[in-house]
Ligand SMILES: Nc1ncnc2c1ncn2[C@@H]1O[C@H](COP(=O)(O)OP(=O)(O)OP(=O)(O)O)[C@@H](O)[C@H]1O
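First, one chain by itself in C-alpha cells, the form predicted alone.
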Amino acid sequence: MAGFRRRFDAIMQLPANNSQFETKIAPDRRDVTQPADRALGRVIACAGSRATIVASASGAAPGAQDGCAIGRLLSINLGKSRIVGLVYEMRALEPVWNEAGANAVAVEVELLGEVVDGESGTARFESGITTYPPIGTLAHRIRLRDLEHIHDLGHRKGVVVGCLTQDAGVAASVDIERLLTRHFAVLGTTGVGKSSAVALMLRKAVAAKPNLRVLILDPHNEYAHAFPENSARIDASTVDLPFWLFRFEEFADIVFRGRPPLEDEAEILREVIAVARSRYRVVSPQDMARDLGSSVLKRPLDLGSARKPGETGGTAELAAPYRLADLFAAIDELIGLHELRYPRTTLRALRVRLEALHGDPRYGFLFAHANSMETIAPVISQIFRVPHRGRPITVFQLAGLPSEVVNAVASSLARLAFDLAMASHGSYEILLLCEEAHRYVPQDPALGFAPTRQAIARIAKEGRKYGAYLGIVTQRPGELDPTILSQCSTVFAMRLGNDRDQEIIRAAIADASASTIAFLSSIGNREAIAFGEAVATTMRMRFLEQRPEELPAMAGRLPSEADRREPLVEELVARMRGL
C-alpha cells in the first residue's frame, strides 16, 4: 500500500505544463466562480476504447469535485488535440477513506473521439481515436468550446430541442431533415415524457418543412391537446372510411372480428366482393331511383368472369366503390343456386354477420356515407390535409373505434400514406407516427395483423425514396419488430428499466458510446440518450420544457368538473354502443 501511495503521489505531482506533450491548459472560464485549475488527474492505463485516470479526492470533497461525475465528459490533452472521454465508473483505490488527506480515485472512461485544432484556429470533433494518450497525460474538465464542437452539426441545419444534461448552456440540436427522412424512434417507459418529447419535435418539424403532413395514430386520444392551432382531430364521429376502401384482408378482419375466417368464408367473401364491384357501374334507371339501402340489382351472377384478369372491378383487392346491397344480392344468388358451391348455412351466416355489422352504430363511419363517395378523394383530403389550410397535423384518435377495426384502420392508413407520397412525386412529404408501435409491428410474426405489419414495413424500407417517413414511439422496444427498429436511423432512448429493452438499445447504439446505455435505468424525466444520423454524436440531453397548453392532454390537462362527474349508467351504455 505504501508503494502505491508513492507512485500515486509521483503521478499527481507531474507538472501540468508538460513540454513533451504540450498540455498547457487554458482556463476557459465563463465566470469568476469557476476554478481556474481544471486538472482532474492523469492517465495510468489505456487499452482500445477505454482508459483509466487516477484522480485525487479529499475527504471533504470526494470524487474530484463534479468534473468526474458519472455520465460527464472530460478531455485528455494532447496539445493539438483533446481526446474526449465519457466517465462510466469510479472507485476508490484504497479500502479505507482518508478524511484528513487525499484519496486516490480510479476514473474509468470510454474514449469517444478527438477535438482537433485546425490551422485556422477552428476546432472540429472527429469520432474515433487516432493518437492514444501516453501514460501520465493530463485529464481535465472539458472546455465549453470543446463541448459545443462535439455536438455541433456543422454545415447541417439543426433545430434546438433541448440542452445537454452535462451543461444546460449547450444546446441539443437535431437535423430535422435526417430525423424525418431516415425515420426515428422514441423509446421509454411510461411517464418519462415520450409523448411530450414527440409533440415538441413534431412542432419543430412542421415549422421547418412547410410541405410536411403528419398523421398520428393516437391510441390514447392525447395529442390533439398539444396542437390546438395546427392540427385536425379525427375520431369515429367525424371520419368516413368507406368499407369499400379496405383491401380484402382488412375488410375480412373487420367482418370476422379478428378471428381467422374459415376457408369457405374467405372464398365466399372474396367472390361476392368481386361481383359487387363488377356490378357497381351497371345500374338501371329503376335502380337509380330506389333507395341505395334497399336496391338489389338483377344482373345474373357470373362468378367465373368476375375474376378475369384485366376486367374492371373484377378483383376484391381494388379500392373501387361497390354497394353493400350488391354484396347481399350476390350472397342471395349463391344461396338460390340449384348446384350449391358452398353450404347454405355458411352463406346465411355470412349474410347475418354483414347485416349485424351494417346495423351496429359503432361502425357507422364505415357505412353511413360509403355510397355517397365515388372516389377516395374526400378521404385523402380529410385525413392527409390536402390542402392543409394551416393544419398540417392529423390526430387520428383510435380510442373511440371498436377494438376489432383498429388493426384494419391502421393498415389502410399506413397504406394510403405510402401511396399518396409516391403518387405526389415529392409534392407531399408524409410522416406516419405510430404510438404504441409494438401493437402494430410486434416482434413475434405470429402476433399482430399481417397487413398492418406489411404496410408499416413498406414505409420503413422504401418510404424515404418517395417522401413517406415513419416515427415509432413505444414503451416496449423488446416487443417491437427488430427489423422495423433497425430502419430508424435516429433513436431517442429515455428511461428503460427492463434488461431486455436495454439490450435492444445496446445492439443499436454505436460501439464507441456503448457505456452510455448503463445510464438508461436512472436518467430523469424529459432526459434521453440520443444517437443516430440526426445528431452530431451520441448525447445525453434534456428536452425543452413546454407550456401546459403544448403538452399532450394526458400529460398537460387536468380533468374538468365534467370529467370528474360520475356518468349515469345509461350514459355509459350509450357510449359502449357508440350512440
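Computed from a prediction, not measured in an experiment: that's the story for all the values here. When you see a residue number, it is the position in the sequence shown, counting from 1.
From this point on, the text means the form predicted together with the ligand, which you will not see here.
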query: Options 355-363, 446-454, 413-421, 192-200; stretch whose heavy atom lies within 4.5 Å of the ligand in the model of the complex; finding: 192-200
query: Ala460, Ser489 and Arg506 each touching the ligand in the model of the complex (heavy atom, 4.5 Å); finding: no
query: Contact residue in the model of the complex, from Asn407, Ser75, Gln475, Ser173 (heavy atom within 4.5 Å of the ligand); finding: Gln475
query: Position in contact with the ligand when the complex is considered in the model of the complex, options Cys46, Ala39, Leu544, Ala536, heavy atoms within 4.5 Å; finding: Leu544
query: is_contact(Leu551, the ligand) in the model of the complex, heavy atom dist at most 4.5 Å; finding: yes
query: Arg526 within 4.5 Å of the ligand in the model of the complex, heavy atoms; finding: yes
